[in-house]
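What follows is one chain in structure tokens, specifically the form predicted alone.
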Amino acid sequence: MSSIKSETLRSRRTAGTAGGAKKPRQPWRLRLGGHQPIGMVFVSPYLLYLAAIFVYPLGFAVWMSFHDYFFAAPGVEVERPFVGLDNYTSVLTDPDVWRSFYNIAVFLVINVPLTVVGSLVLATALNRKLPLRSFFRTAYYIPYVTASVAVVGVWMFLFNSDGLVNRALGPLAPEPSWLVNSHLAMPVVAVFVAWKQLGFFVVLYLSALQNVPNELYESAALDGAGRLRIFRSITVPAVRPATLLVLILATITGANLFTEPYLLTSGGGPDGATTSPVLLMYQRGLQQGHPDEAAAIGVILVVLITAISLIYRRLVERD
């Protein structure tokens, strides 16, 4: 009798497995709107917002990059002929464009690891029961919500030739000074952006750490694991989805760098050492009157950042 029951259960499992392998495809209405299509109604305002704010400008920028586009007076109809890849050829053979992408690469190499490691370490510390924990959480978040102009003024006061940092260093102070030194200006900008935005990424990691069961930490502590081993073996793997999000957001934010070099180094100085692609787009498109070349730079930047984000995803998922 027991053998008959076991055979019956085995046949049912086999049938269920076979049925799962040949599960019919859902209708396109379910694949598009899910089992609750009313949800599409609720998210439609945001979809319209994305289309108006992001999709249309991106599509228009792509169209501009393939045409001889220039600004004209309102109401004036002018021809903007199709020029193919001429704008891309022009910007890719321009040393200033290559310099701007090199500058942003230096920025990302310094800023992204500093942001990920710093925010994760601070979030882990602030997730513990510490005295004045709420105060420290607020203190780290204040620079992120403070106006960039105000915070930039503080950093210029610190890193000017006669600033507090050089006074503290004395004879060890660099010459020329930080923000007018072609080798040190971009690293200073990268550290400044990491410091200013650290509070936002700390909040992301804190929300991820709330979902890690305390039993894992207690079991590891009972097994004799130290704090560093617990951090490496439990905390880091547990917040891997948040790490992917921080990597992508930090990269996108860094690639769109504009305000900080514009204010800290007076528009990309010294000698273009802090000129970013977005700042160069502003100079080419608005100041020099070549919006078609500026659009080509923007399209190249979007393609590169998309590729980097996909690489991040593959590497994090593989680990």
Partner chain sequence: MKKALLVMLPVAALTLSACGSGGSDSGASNDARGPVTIWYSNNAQEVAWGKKMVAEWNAAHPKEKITAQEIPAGKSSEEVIGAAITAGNAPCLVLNTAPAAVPGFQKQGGLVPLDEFPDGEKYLQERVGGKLSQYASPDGKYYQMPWKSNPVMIFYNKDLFKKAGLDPEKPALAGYDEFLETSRKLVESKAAKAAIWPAPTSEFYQSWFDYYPMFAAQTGKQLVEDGKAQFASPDGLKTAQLWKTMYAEGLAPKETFNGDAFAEGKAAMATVGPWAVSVYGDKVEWGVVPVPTADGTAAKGTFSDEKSIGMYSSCKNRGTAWDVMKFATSKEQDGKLLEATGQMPMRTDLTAAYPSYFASHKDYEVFAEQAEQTVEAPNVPNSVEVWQTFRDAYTKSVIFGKGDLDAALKDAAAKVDELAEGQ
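Numbering follows the first chain given and starts at 1. Here the structure is a predicted model, which means the values were calculated and not measured. Throughout, rigid core stands for the largest set of C-alpha atoms superposing within 1.5 Å between the two forms.
Heads up, the form predicted together with the partner chain isn't pictured, but that's what we're talking about next.
J.: Sort through 156-164, 134-142, 211-219, 189-197 and report the only stretch with a non-hydrogen atom within 4.5 Å of the partner chain in the predicted bound form.
T.: Residues of 156-164 come within 4.5 Å of the partner.
J.: At 4.5 Å between heavy atoms, is V76 in contact with the partner chain in the predicted bound form?
T.: Within the cut-off, so yes.
J.: Can you work out whether F71 and the partner chain are in contact in the predicted bound form, taking contact to mean some heavy atom pair no more than 4.5 Å apart?
T.: Although the partner chain is absent here, F71 would touch it in the predicted bound form, with heavy atoms inside 4.5 Å.
J.: With the cut-off set at 4.5 Å between non-hydrogen atoms, does L286 touch the partner chain in the predicted bound form?
T.: Result yes; L286 sits at the interface with the partner chain in the predicted bound form.
J.: Please determine whether G39 contacts the partner chain in the predicted bound form, using a 4.5 Å cut-off between heavy atoms.
T.: G39: no, not in contact with the partner chain in the predicted bound form.
J.: Given the partner chain in the predicted bound form, answer whether the residues I110, N127 and A250 all have a heavy atom inside 4.5 Å of it.
T.: No residue of the spot touches the partner chain in the predicted bound form.
J.: Exactly one residue in T146, T89, S182, S233 has a non-hydrogen atom within 4.5 Å of the partner chain in the predicted bound form; which is it?
T.: When the partner chain is considered in the predicted bound form, the option within 4.5 Å is S182.
J.: Where, within 81-116, is there a heavy atom within 4.5 Å of the partner chain in the predicted bound form? Residue list please.
T.: Contacting residue: only D96.
J.: So, superposing on the core, is the move of L47 at the CA at least 2 angstroms between the shown form and the other one?
T.: The answer is yes; the displacement is at least 2 Å.
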